[in-house]
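Presented below, as structure tokens, is a lone chain in the form predicted alone.
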């Protein structure tokens, strides 16, 4: 296995942006685990599978699909679905389906396989505690709920997705609740992870702070 830099933290903390920059700076590959969960949610919803359906029905579908991640793009059965998975509906269902062990186990295999090929910067919500507990470097990136809601609102606006600031904040808070309280792989800071609060930092400042940690 190559070197793994794992970046954990809640929704809207800036994990994807920072992870891409760090990967580019160091010449590492980049893996967005959240995109993999979104891809699963997209595949399941395409055939109207819901959270209430049993594990067998879900696994029967997962065994028929191929999900991959390459150069920042996510593919379902060879088709680039990177834009289609960035909707509020898929955002919701990716969080909901991520509470199911069968989904997490399915994607864990994919994540770890990708990390066996090259050095990698991986970001997600259990990357430092479950997916890569022995990662070379662990970072927990956080920001205040208000700041994360603002970032989420601007993301929606950039993608021409209608949402108010209040709706963005409610979604962030609800996502935190689901991620932190799920029975399987809840969101939490690994004891040996470097903590950084980016609430009052620019992207460049957060990047440089993390790079200093990595290079120590």
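Every value quoted in this text rests on a predicted model; they were computed, and no experiment measured them. Numbering follows the first chain given and starts at 1.
This next part talks about the form predicted together with ligand DC, which is not shown.
Here the chain stands alone, but in the predicted bound form its contact with ligand DC, taken as any heavy atom within 4.5 Å, falls in 27-35 among 27-35, 157-165, 64-72, 49-57. In the predicted bound form, ligand DC stays beyond 4.5 Å of every heavy atom belonging to residue 142. None of the heavy atoms of residue 137 is located within 4.5 Å of ligand DC in the predicted bound form. Among residues of the shown chain, residue 175 is one whose heavy atoms approach ligand DC to within 4.5 Å in the predicted bound form. In the predicted bound form, residue 182 approaches ligand DC with a heavy atom inside 4.5 Å.
Taking a 4.5 Å heavy atom cutoff to ligand DC in the predicted bound form, none of the residues in 193-216 make contact.
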